[in-house]
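Next up: a single chain in structure tokens, the form predicted on its own.
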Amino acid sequence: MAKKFLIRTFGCQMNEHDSERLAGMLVADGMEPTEDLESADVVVLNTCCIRENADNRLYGTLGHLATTKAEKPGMQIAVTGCLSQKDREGVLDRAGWVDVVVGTHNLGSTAGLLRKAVTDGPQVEILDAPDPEGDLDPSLALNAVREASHTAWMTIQTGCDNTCAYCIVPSVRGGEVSRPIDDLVREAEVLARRGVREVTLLGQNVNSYGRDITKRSPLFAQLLREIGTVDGIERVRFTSPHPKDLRPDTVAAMAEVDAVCNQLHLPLQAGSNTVLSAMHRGYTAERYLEKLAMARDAVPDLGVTTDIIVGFPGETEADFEQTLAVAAEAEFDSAFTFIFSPRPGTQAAAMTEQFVDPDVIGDRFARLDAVVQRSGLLKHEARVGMVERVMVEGPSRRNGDVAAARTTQGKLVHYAPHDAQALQAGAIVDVKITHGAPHHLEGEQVALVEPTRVKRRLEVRS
């Protein structure tokens, strides 16, 4: 009887894609996936370490798994990803019942290490640079076990060359390494033949993709154009870009290639130039707004989201008010807002004397949320009466009779489908928007659309 495995993922889209690839490797090794912990012979925790609560979640989960493993001695536990890269042998020091610890650079070793651990005991394998059989092996992505058949992640780049004072990613993911364009185009072509209609290009700083290949200028705009013309790929998204590296050629590709979605996630992090300088972000608030204006001028109906950190060490009330002002001026469609989390080994973690009082941070967080919610609601209410061309994700989690779908801007839309086909994942449907809420849209189905490369919403009003 084949062993069964369960993967739990903590973290970002990169972690999610790593889990898909890891699932494909374990299936190729003869295992079967399961969602039931009690029946799992192998439990893999794929981890993130961007914020402190990620550490707490991992070790809390491992504590619960200790009891499960004691009742089922043959079960194996593996810890992979960023936190294992950071803690290394420390994972076993804190949780001696773990069987395998694998870092970010050698995901492909996991199955072999699980087999070795059966006879030789716990295994720890952490590399300091990417393994060609790990992050960069195209076959791992093509054999990934994905939750949805119509959409796929594509890792175009690993690592990061930036030195943001708060970020631990460069120390756990390493420096930037870009995959060749030809490999990525071939991967997109294979995915399209398998029924994938939408791809999301992943990298820590996609704007700098290819700079390590050319040793000069990035190749991201060229990549967008080539992936965007692959037959069968209807939509191309990407995350995350860095504002300092957003170039006119990338914006031009977004505007000119029909398959590239009119969606931009552009992390602000702070609106105070003093804080941005302390963060080592490489731009000012004014320069950020100029980049944003450039993108909006070029790309019709551009949806913009962002990241903002509250309570960076040394942030004053005046600094925070500047962040509120920039957020209001930018009129984001939505924002991911975070409370500063000190990560070991980063410059910001050592600024202990400048840490902001938690009560002050809580008040600021609420005030920022109000600004973001207001602009998001206004953006959504402005779409009432428009007809959006959406790609269906499937039944809504709240109501199986209602479809959940995404616009080209990435906005969530709920609507009642006319038939089963309009509820099927990957279907393209025209939906007239009837209501705008802070975090989603609601609408009525207008028509089921045959596959076509049309990225813009239809400008129809009641």
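Quantities reported herein were computed from a predicted structural model and do not represent experimental measurements. In case it trips you up, residue 1 is the first one in the sequence shown, and so on.
What comes next is about the form predicted in complex with a small molecule, which is not displayed.
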Check your understanding: Can all three of H17, W153 and S178 be found with a heavy atom no more than 4.5 Å from the small molecule in the model of the complex?
Key -> no
Exercise for review: Could you spot which one of W97, F340, F355, F365 gets a heavy atom to within 4.5 Å of the small molecule in the model of the complex?
Suggested key: F340
**Study point:** R281, H105, R389, R235 - the one with a heavy atom within 4.5 Å of the small molecule in the model of the complex
**Key:** R281
Check your understanding: In terms of non-hydrogen atoms within 4.5 angstroms, which of the given stretches 374-382, 88-96, 159-167, 219-227 touches the small molecule in the model of the complex?
Key -> 159-167
**Study point:** Proximity of R406 to the small molecule in the model of the complex, heavy atoms at 4.5 Å
**Key:** no
Point to revise | Heavy atom of G314 within 4.5 Å of the small molecule in the model of the complex | key: no
Check your understanding: Looking in the model of the complex, any heavy atom of S208 within 4.5 Å of the small molecule?
Key -> no
Review point. With the cut-off set at 4.5 Å between non-hydrogen atoms, does I309 touch the small molecule in the model of the complex?
Key: yes
